[in-house]
Structure formats: C-alpha cells, structure tokens
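Presented as structure tokens, the chain that follows is alone, the form predicted on its own.
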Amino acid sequence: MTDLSTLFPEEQAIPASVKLPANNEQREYLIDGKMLTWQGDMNPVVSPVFVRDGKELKQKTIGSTPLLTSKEAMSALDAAVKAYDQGHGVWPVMTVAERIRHVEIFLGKMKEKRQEVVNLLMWEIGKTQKDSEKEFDRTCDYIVDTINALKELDRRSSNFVQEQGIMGQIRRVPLGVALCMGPYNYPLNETFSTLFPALIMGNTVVFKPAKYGVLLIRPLLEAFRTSFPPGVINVIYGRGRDTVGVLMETGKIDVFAFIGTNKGANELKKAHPKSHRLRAILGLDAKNLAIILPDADLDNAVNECILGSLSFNGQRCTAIKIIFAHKSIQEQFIKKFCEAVAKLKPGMPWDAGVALTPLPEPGKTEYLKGLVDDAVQHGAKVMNEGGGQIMNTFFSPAVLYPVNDKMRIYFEEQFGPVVPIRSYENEEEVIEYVINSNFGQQLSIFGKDSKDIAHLIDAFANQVGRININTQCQRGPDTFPFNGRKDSAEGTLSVTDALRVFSIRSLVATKITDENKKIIGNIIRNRESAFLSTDYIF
C-alpha cells in the first residue's frame, strides 16, 4: 500500500524546468482582433498540486483569469457576426488556399509555445508530463491532418459534374457563427478538434475555454490575434451562466460545438430560439464497458482495461467505466487487475514514470468517496489494498466488486479512478445492460472465439458508436469516426467528418448549352468568382 503522506512535494523539490512564472494573472481577452484588458473581477486558477511547507500542505494558486460578463460575451458575438457578414465577410469568401495559409501561420506560432502549454497542462489539470506533451503534439498533428484533408476535399470539389443535361460544381461552404466549448480533460486537443475545422471551413468563432485548463490558452492568444482577420476568432472567459446562455438566446449562433454533459448541452440548446437552425456537434457522457469472455487472454485484458479505466485517472469520456467479467474467470481477472493497479505509480505530473496524479475538479475526491461508500453499503467490497484512500486532491484507485443495479456506480459516469466490476454467466445480461443504458459511445470485447465475438458485435453494432476487439476504448486514430448514440453524442467527428459537420454543400448548376458553357468558362478563366474555381491546391 502506497504511503500518501509524502505524495506532495516541497517547493525546492519541484524541477526548475516545470515551474511557472510568478505572475500568471491574465487580464487579456481577444475580441474583433484586439487584445483587450479586463479591469473587473478575476477567477483564481487553483492547481490540484499541493506544496509541502514543513508539516503543512498548501494548495498552489497558479494564476487568475477574467470573469467577463454578458456584455463582453455579446461584444464577441457581434464581432463574429460582423466578420461573417451573412457569408460575405473576408473570411468566408476567402479561397480555401488562403484560409489554409492563415491556419499554417498559427500552427507555426503555436509550436513555439509548446513548453509553456505543456507546463500549464501539468499544473492546471494534473496531466502527466508525457501525456501533456502527447496532447500538444497530437493537436498539432490534428491541425496538419485537417489541412491535408481539406486540400483533398477541395481537389475533388474543383471538378464539374454533368447529369441529365445539367452541369454543376458542388462545394462545401461555411454555416455561419460557431460557438466552441471544450472539456477540461483535453482542454487543448478536444477543443481544437472542433475549433480548427470550424475556422478552416470559413466559419467565424466565439471560443470559450474549458472550466479548468484555462490558462494554457493564454500563450496562444497573440497567435490567434495575428494569424486571423479581425473577428474571425474571439476568445472569452468567465462563468458559463454569465456568458454562454445569453449568446444562445440571441439566435445568432449557427453552430454549437460542445464537449461536456448531456444536461449542460440540453440546457444551452433549449436557449436557442430557432433550434432547427442550430447545427450541434456534441461529445457528451459515456459509460463504456469492457466484456471479459471466458476464453479471453487475461494478461492482455488486464493491461488494456488498466489503460482504459485509469489513464489520466479515468478522466476520459472514452474510459472503460464498468467491467463485466465472466463468472468462470472473474476471480482470476480481479486478482491480476488489482496486482496491476498496485504497480501504478502515484505522484506529481512531472515525476518520471508517474501514472496516477491529483484530480483538478474541486470536490471530486468527496464525490468518488460517496460512490464507493454507496457501493459498499449495497454489497460491494474494495478489492485492492489502499483503494479509495484520499490525500487532499489525490484519490487512490478503488476496484469495486461485486457491483449491482442498486448502486450509483452501476449507472453513473464516475469520470475518475473508481473501477466497478460485475460477474455474469449469460451474455444476455451484458446485452441487456447496454440496451438499457442511457449512453452508447463505445465498448470493448475481450476473447478468442470468433463466433462469440461475432454474436456480440451484431448485438451491439446498433447500440454504440464503436466496438473494440481485445483493446481498450479510445478515440484515435483521428481519421476514424468518433461519435456515439443516445445521450453520448450528436454528430460525428474525425479529421474528414469534422470538415463536413462545420459546413454545408452548395452548388452552382446550369443547363449544358454553348452559351452557358461560355459564361462558366469566362468566370473560371478570369477568376471572377471565389466559389466557382478549378484551381488545384498542392
């Protein structure tokens, strides 16, 4: 059992390479191409990291961000509406090649801020250094892949189609003004996976960073300001109830990209006065399960379920959040699983080989303790030694068995290091659980018998968005569709799908006559239209 009393470091033990500047008070925000300075109330940014001062532990306050009001939010919206200008603004009518050039300029400037952003990821949300670096690099790769996908899409769109005596060119055009909001667990990657497809397709954007993981956008504000025309990207801060609701109520938001809870998404969508005009791209709750079949390779199943359930402390929408192990192997699986959990190293985000870190959400450890206590009250046991121990913001993983439908953990998305396990005898028990669940993002099947696996694939294919065979639930590769059913998602994201969901197909068509061909030929040859073009982007 790990001694948590020495988990948090003394100030002098923190490596100089990861220390933050003394003053991280951020008063800047970006509206209409101008970096404005906020003089009002500020929101302190508190790290999940505590620092030891003698016998006392003090939680680090690492900075502050502006608590903007509805007035500033409306100014940001007005700037985005003006920049879009009913589709006639500089950005939406700009050629695809020119928009790509602006994004490439931003990407170059973003890469210069890698170490700053990585350090802030560690301090703000407790993500390990390795995973923080991976998130930054993966985000840069995603932007590059988005550029390449748009080039390919534009190449295909540069052709003319001829059908039934009609010729036409079909292109994708922007939808309007987008409101982009990301999650705290991937405040860079998940946010930019909607923000940049929205931008590169010609939409203008109001961007509100996640509730936690806010300061890490600060190093990128100047890059946003200098890389895009005024009003194309506007960055606001503050409480959602003071800023976001009023934007939706105007009806001027055309696209809503949100990653969070289905409850939050429902409330915001309801605020829009013309919901049929609102395109929503939502990544919401999930209760992904792993199914361990009798013939599963237990070593592989344990390794994948450890990664799936406890990577970044289980704070991923794609995490495995409940495990169904067949009765014939459940005892052996649980033993191996608990042994693997015991080997996970707790510590600070910058510690070498660390796997478990403090949790950023205030009150999260108390919430998880409540789930564990409720499960124990209804018959479960904490199977791993030290499971559920708490040290301030740190929560030791708790493996619970057996779980049943009287427990909150059976249905609730814990979004943290609690792993509920249930044994089953008949596959119909598992199928019934999936069918009756409010969520339908992913699941994982571990086994060797192809007939058994095929039976489950067919049972679940119309229930979840992705079925993983002998591997953990996950989002990547980013070229694969990422979606969900029921309360887990709306819309589909991947590098190519994201370009589609932030745009709509439009076409110019005419009867094939000599006169019409001459007109179209003149438009293209003389470059008289931004829409009609046969340019080929290399």
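Computed from a predicted structure; not experimentally measured. Sequential numbering from 1, following the sequence displayed.
There is also a form predicted in complex with a small molecule; it is not shown, and the following applies to it.
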Counting only non-hydrogen atoms, the one stretch of 52 to 60, 483 to 491, 27 to 35, 468 to 476 within 4.5 angstroms of the small molecule in the model of the complex is 468 to 476
Identify which of Thr318, Ser444, Thr146, Thr128 has a heavy atom within 4.5 Å of the small molecule in the model of the complex; exactly one of them does. Thr318
Considering the small molecule in the model of the complex, which of Lys113, Arg138, Lys336, His102 comes within 4.5 Å of it through any heavy atom? Arg138
So, in the model of the complex, is Asn185 in contact with the small molecule at a 4.5 angstroms heavy atom limit? yes
Though only this chain appears here, would Asp285 touch the small molecule in the model of the complex if you measure heavy atom gaps against 4.5 Å? no
Should Glu72 be counted as a contact of the small molecule in the model of the complex, where contact means heavy atoms within 4.5 Å? no
Is there a non-hydrogen atom of Asp254 within 4.5 angstroms of a non-hydrogen atom of the small molecule in the model of the complex? no
